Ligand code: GLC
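As a starting point, one isolated chain is supplied in structure tokens, in the form predicted alone.
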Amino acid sequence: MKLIKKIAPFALAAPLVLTGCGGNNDTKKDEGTANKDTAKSGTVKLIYARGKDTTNATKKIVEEFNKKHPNIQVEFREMPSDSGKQHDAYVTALNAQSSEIDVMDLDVVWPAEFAQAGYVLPLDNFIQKDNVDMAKYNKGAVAAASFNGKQWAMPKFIDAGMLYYRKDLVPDGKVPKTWDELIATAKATKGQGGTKFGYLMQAKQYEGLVCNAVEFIAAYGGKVIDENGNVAVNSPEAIKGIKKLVEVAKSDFVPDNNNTFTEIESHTAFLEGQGVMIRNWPYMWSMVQDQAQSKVVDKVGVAPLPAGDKGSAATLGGWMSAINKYSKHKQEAWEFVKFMNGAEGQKISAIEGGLAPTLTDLFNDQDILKKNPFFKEQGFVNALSAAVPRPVTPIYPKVSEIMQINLSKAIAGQMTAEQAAAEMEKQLKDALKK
């Protein structure tokens, strides 16, 4: 399918520039080693951690796995929906060598960091032993979890930011193709059809703001960090993108409390029929079509995010599953990871959660396409083809923090776009020197 060909080049181009590797001298001992408790005939309990799932996917994956593996029972532990808070919670626990969590989902920008820190278990021996064909997975997704010649996580799903719009309020021929057109459309349609907002986005000081900002900056030809690892955020192009972000985020067609909106607040408002357009991830499609929670069923279309001077850009995302290096049940944890990220688990994620698979053959699965028809639509394909990675750096959490703080100040009117870019440049250069 054309879709598969288009996804492969860009999906999950994640940070892979780390050098050195800490805490992995006992790799051979850890790989494939089960705790003595697992040899007992009793049931092994695993703790699986991931962020809040507003769909039924995680629950069903756990239920199906537990049915098929009566001697291994997985318990889902919900982490904060804010990925930054998830990251910090994992780091705190793993720094203390906690074995409480066995399997965890990692944001696409974390695997190399967690591998370098010695938090997660290399999976190569498991993969080879069970003849898991990694060639069947999206190449970019596999590469995103590879570091120092080893595979540290299994790719679960891929993401890219995209524009959802109300088809009854914005005809197909009028879907905004540029950010200036979106601003005009949002102003003109706000209040129509019972809506309150012309546009919804993620503007809280958290990782989602970085994703939105990367899209604006790239659309106008800018970069935060260039391909050579140099800080490039204080450029005319990047500043123009930041200015447009601030213009949209401070407009009268977004919520007054826009700076408190994450994916959850924004999709909730859209599902309630309060928004004309929204920037969000692919997961939202299944929610839009769910009559139990959506007031806009059959009224929504999807398109690439609007373009700036240099075209449309969508922040590339996705999540992966890794095994805690300190887990006492490594073999059992692998069985769950293998199931969840295999064909059966990914099919559940796609059907129940609207998540785009990393197993490319699943884009031909009729059950998945029936539930997610936009997986084969040109708007979805084009949105994925516009994907760009977040800054590629071994200290991504610090980079994200610097961006969040300064972008939030710009949106709040505490500094200009030029001042925000200059301050980010200074702070990012200082951080990269350390």
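In this text the structure is predicted, and so the values were computed from the model without any measurement. Residue positions are given as counts along the sequence shown, with the first one as 1.
Keep in mind that the form predicted in complex with the named molecule is missing from the display, and what follows is about it.
Asker: Using the partner position in the predicted bound form, report whether G317 sits within 4.5 Å of the named molecule, counting heavy atoms only.
Answerer: So G317 counts as contacting the named molecule.
Asker: V108: heavy atom within 4.5 Å of the named molecule in the predicted bound form?
Answerer: V108: yes, in contact with the named molecule in the predicted bound form.
Asker: So, W179 and the named molecule: in the predicted bound form, are they within 4.5 Å at any heavy atom pair?
Answerer: No.
Asker: Would T358 count as touching the named molecule in the predicted bound form under a 4.5 Å heavy atom rule?
Answerer: Although the named molecule is absent here, T358 would stay clear of it in the predicted bound form, with no heavy atoms inside 4.5 Å.
Asker: Quick one: find which of 167-175, 317-325, 291-299, 92-100 has residues within 4.5 Å of the named molecule in the predicted bound form by heavy atom distance.
Answerer: Going by heavy atoms within 4.5 Å, the stretch is 317-325.
Asker: Give me the residue from G208, P306, G222, G198 that has a heavy atom within 4.5 Å of the named molecule in the predicted bound form.
Answerer: Only one option qualifies, and that one is G208.
Asker: Which one of F216, W152, Y119, W281 is close to the named molecule in the predicted bound form, taking close to mean a heavy atom within 4.5 Å?
Answerer: By the 4.5 Å heavy-atom cutoff, the listed residue in contact is W281.
Asker: Where, within 238-263, is there a heavy atom within 4.5 Å of the named molecule in the predicted bound form? Residue list please.
Answerer: Heavy-atom contacts within 4.5 Å come from E263 alone.
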